[in-house]
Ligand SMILES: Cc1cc2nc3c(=O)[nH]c(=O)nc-3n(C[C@H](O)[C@H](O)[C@H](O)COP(=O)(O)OP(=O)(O)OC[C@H]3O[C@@H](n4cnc5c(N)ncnc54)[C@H](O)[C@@H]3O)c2cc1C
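Coming up is one lone chain in structure tokens, specifically the form predicted alone.
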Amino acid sequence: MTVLVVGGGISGLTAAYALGRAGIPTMLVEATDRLGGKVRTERVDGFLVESGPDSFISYRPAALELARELSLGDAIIGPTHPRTVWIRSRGRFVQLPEGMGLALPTRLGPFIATDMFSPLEKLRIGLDLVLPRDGLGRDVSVGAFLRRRLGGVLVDRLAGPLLGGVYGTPIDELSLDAVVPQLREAERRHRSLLLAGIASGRAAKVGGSGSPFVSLAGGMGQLSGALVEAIEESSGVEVRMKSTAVTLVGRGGGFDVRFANGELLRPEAVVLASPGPVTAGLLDEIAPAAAAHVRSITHSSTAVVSLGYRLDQFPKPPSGHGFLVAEGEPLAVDACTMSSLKWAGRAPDGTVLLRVFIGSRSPGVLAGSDAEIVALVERDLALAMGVHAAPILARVARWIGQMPNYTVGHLERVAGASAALAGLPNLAIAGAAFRGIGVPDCVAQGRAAAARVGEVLSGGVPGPAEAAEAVPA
């Protein structure tokens, strides 16, 4: 073995796959009994249940390119039409205005017509047209940036659910520079965010842009499954399950890695693609400063509750792709995706599959049993959608302490970890905790980590210790 890859999520699988294709002897170790990390797809009674991500963005091409490389091009699908999304605000559902981008309208007409905001609230939002630029280069929260320009109502009813929900972090803690740096660039170039959004909409119309999200016909597990198959077919890559690395120390030009069962491995290079807290623990002895930076990246928890219903259990047929919950609503759930209405092939005929997210607004509920969580979700769906019957399918997937929070200063923390690892060119870190939580970002980080250690082993000059150069756009 020349390279040890720790962690069998998408980042680790991609790194091992890339190293195998490069002909570099590699061992991939995974602490649990399954590969794929947060990507987990099951077929249950005709339902396709996603416990983690159900799609990825196509304009960050790493995942799309990998899928095609793994002969999954024919399996790539887009969302169904119409792509309607609702906001639960002030006790009712309000349709998200057509043409909404990253909390900014890209079309003026639908935004003016929406009843999500009162005329006075729209005037406050319109104040953005005359406000000066901030002019400061420091990182701030997305919430603070948008409140200054567009007002608190837009943040609480729209931007908070859209962005805070995706990242599992309150929008007033979420890093502008790490998550949506294009908002700062929009202010710099256009001064007004509203003008920037309209310009973006015009450019997209010219380019014929549709939804940026795509998935796979067989679920996201098709991607991780194809990666595993490709790795198994590679003669130079060995995979070990239920193998927990506990210590990492330097040894000459390589490393000593001790495992929970007492086994010692001595690779020449290491890729740490494990969850952030695990990576920090493994760095404690060999790079304590890097460990401190990684450990300062906090993690939160969430649960994905998949519920299947017969269509006739709803008082009226559900429509749209789902709904987000605005600040101040008396609901425990964070959001709901109408999975079988958004993606083809997710549920048997005459049924509906919902994916409900819970934990960000009410973290205490995650301490309850699966039955208690399902009962709470059923209560909220009865209130919001009028469905009072028991679901015919219920699955709960908990991600406890596994959701990295990109809070203000995140990029500085990642840069600090990278700088602290500069003296260890044959050690790379990758994963959702660092430079992007989406599947394309994790794929890009895995490839970059493999390229870094591969370059070192071939006698070249390595790239940066972190495994990607950009965060979600």
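Just so it is clear, the structure is predicted and the values come from calculations on it, not from any experiment. Numbering starts at 1 and follows the sequence shown.
As for the form predicted together with the named molecule, it is not shown, yet the points below apply to it.
To test your reading of this chain, name the stretch in 380-388, 266-274, 89-97, 131-139 whose heavy atoms come within 4.5 Å of the named molecule in the predicted complex. Result of the contact check: 266-274.
Do S58 and the named molecule share at least one heavy atom pair within 4.5 Å in the predicted complex? No, S58 sits far enough from the named molecule in the predicted complex that none of its heavy atoms falls within 4.5 Å.
Whether I429 contacts the named molecule in the predicted complex should be assessed with a 4.5 Å heavy atom distance threshold; does it? Result no; I429 lies far from the named molecule in the predicted complex.
Partner contact for F145 in the predicted complex: the named molecule, 4.5 angstroms, heavy atom: No - in the predicted complex, heavy atoms of F145 and the named molecule never come within 4.5 Å of each other.
With the partner left out here, check for me: in the predicted complex, does some heavy atom of A31 sit within 4.5 Å of the named molecule? Yes, A31 lies within 4.5 Å of the named molecule in the predicted complex.
State yes only if every one of V278, T302 and G438 has a non-hydrogen atom within 4.5 Å of the named molecule in the predicted complex; otherwise state no. Yes, all three are in contact.
Exactly one of A417, V49, V39, L66 has a non-hydrogen atom within 4.5 Å of the named molecule in the predicted complex; which residue is it? None of the others qualify; the residue that does is V39.
Interface residue in the predicted complex among R355, R395, R149, R157, criterion: non-hydrogen atom within 4.5 angstroms of the named molecule: Selected residue: R355.
Heavy atom within 4.5 Å of the named molecule in the predicted complex: which residues of 2-17 meet that condition, in order? Contacting residues: V6, G7, G8, G9, I10, S11, G12.
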